[in-house]
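Take a look at this single chain in structure tokens; it is the form predicted alone.
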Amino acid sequence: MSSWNYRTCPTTGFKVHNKAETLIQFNAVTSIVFLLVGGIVGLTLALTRWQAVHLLNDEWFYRFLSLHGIAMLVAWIVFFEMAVLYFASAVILNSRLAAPWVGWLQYLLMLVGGALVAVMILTGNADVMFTSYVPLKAHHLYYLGIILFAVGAILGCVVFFATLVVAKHEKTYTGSLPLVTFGAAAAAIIAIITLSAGAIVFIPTWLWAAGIIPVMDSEVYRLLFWGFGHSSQQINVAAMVSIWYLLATLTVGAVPLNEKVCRTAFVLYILFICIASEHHLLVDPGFSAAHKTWNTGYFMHLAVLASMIHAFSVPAATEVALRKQGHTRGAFEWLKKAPWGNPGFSSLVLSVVGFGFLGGITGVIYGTEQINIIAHNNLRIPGHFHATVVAGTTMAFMGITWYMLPLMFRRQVVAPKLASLQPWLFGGGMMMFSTAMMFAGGFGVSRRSWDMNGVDGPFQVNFGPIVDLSLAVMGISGVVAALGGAIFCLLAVATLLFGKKVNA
């Protein structure tokens, strides 16, 4: 390759392939657009569940709930993960990106698919919720949009693995794959498994919605859907943990104390984390008691073990790095002297706490069969996954963005003091939001319910002042988190447009 295809990053020393850089930029910017859309919609949902405000009517509440799930759980995160995959392969390995034209095909398919799904939802042609359980039927273009998006993401994973082959063949790195790239490879493997399950279920559903085949079995759909619907969040887990290690290195120079153990934990994710998807089916009569026991009591906990390894490894590496910098007085001087004003570091800490303590522990509890039967259809479950996906994954992705802006976009972050405040607003707001959700769910407040106090709805239930307070806390903390999300989007856009150029 000629030298003009590369630039050398003055901060990291990485060789950056210009075509990889452009694809990273487009995927990252598009992800932030979907984050903004999903965040605005999510704020209206939180204000609707706050019974004193009750912002939306029932039709738009459920329509916005579908859009919120697609924009936040799928589009924002997967677009960002495509940028992460290209960064972890081409940039970290100092390699050219394999087949950039396939990368552009990935981007276009995901963009068209995501836009198509959003349009179908907003026009009332897909009032089927995120799960879209058969026999509920959306317009066939809704399913086609999901298929296009999934195929595009698969192509992105193919480009990632092809780039690993190119880097190995051209000897752009020595030794084993860096841990961040190894974790990204685990995420990509899980993604291919997950998206293949999505193709298996959505292609026949699309044909059914288009009238080409006469029937789609609802039990088969439900079984196969969760191979896609929940496992897609396991892609996020592996990608998030990879970013944890990257942030720990970038912020304090941390190095994992035992990389072999960390790599083993990523392998446990590949082997067992998709099996945990069955906890959505524990209330179904089709599985035997023995099957459910093995799934929730054994296999799922091997994936939990992997998360526990990472949850101890990242803080341990951070502590050792800070102690090496001279912060050795007492047991916790290293913690006191940590760079809390660095938004990358505070995002890392909040992500680990939000995912590990609030989301991970509750996930283990709610994933057991007996408690699942009680908890699955109330607000405890959305409270759990808002802690994992939002306070955990989204917080980590926001944290690495503060480094991506100068490294990949070559712009200095504008308003750094405001950037330092942003993680605390977003992360703190989301943790309180998730806690209030789970508290309300513990009192029996159902999920996906537009009206809880029977204002003019069908339930006519009054849960009393404690639940009213919990729903109010949800609304208030949702506003705080939305403010943090808005600051993130505003600073990202302002940095791209007005940030001082970084010499490269």
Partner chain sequence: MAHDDDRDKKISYWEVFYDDIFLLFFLGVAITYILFVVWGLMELGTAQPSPLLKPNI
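Owing to the predicted nature of the structure, the values given are computational and were not obtained by experimental measurement. Numbering follows the first chain given and starts at 1.
Below: the form predicted in complex with the partner chain, not depicted.
Taking 369, 418 and 427 as a possible spot, do all three reach the partner chain in the predicted bound form with a heavy atom inside 4.5 Å?
No.
Residue 329, heavy atom within 4.5 angstroms of the partner chain in the predicted bound form
Answer no; every heavy atom of residue 329 is more than 4.5 Å from the partner chain in the predicted bound form.
Answer with yes or no whether residue 344 is in contact with the partner chain in the predicted bound form, where contact means some heavy atom within 4.5 Å.
No, residue 344 sits far enough from the partner chain in the predicted bound form that none of its heavy atoms falls within 4.5 Å.
Taking 4.5 angstroms as the cut-off for heavy atoms, does residue 287 touch the partner chain in the predicted bound form?
Looking in the predicted bound form, residue contacts with the partner chain include residue 287, since a heavy atom lies within 4.5 Å.
According to a 4.5 angstroms non-hydrogen atom cut-off, is residue 185 in contact with the partner chain in the predicted bound form?
Judged by the heavy-atom cut-off of 4.5 Å, residue 185 is in contact with the partner chain in the predicted bound form.
Heavy atom contact within 4.5 Å of the partner chain in the predicted bound form, the stretch among 346-354, 329-337, 86-94, 279-287:
Partner-contacting stretch among the options: 279-287.
Looking at 258, 325, 123, 176, which has any heavy atom no more than 4.5 Å from the partner chain in the predicted bound form?
Flagged contact: 176.
Identify which of 263, 376, 139, 301 has a heavy atom within 4.5 Å of the partner chain in the predicted bound form; exactly one of them does.
Contact residue from the list: 263.
Within 4.5 Å of the partner chain in the predicted bound form, counting any non-hydrogen atom, which residues from 189-223 show up?
Those in contact are 189, 192, 193, 196, 197, 200, 219, 220, 223.
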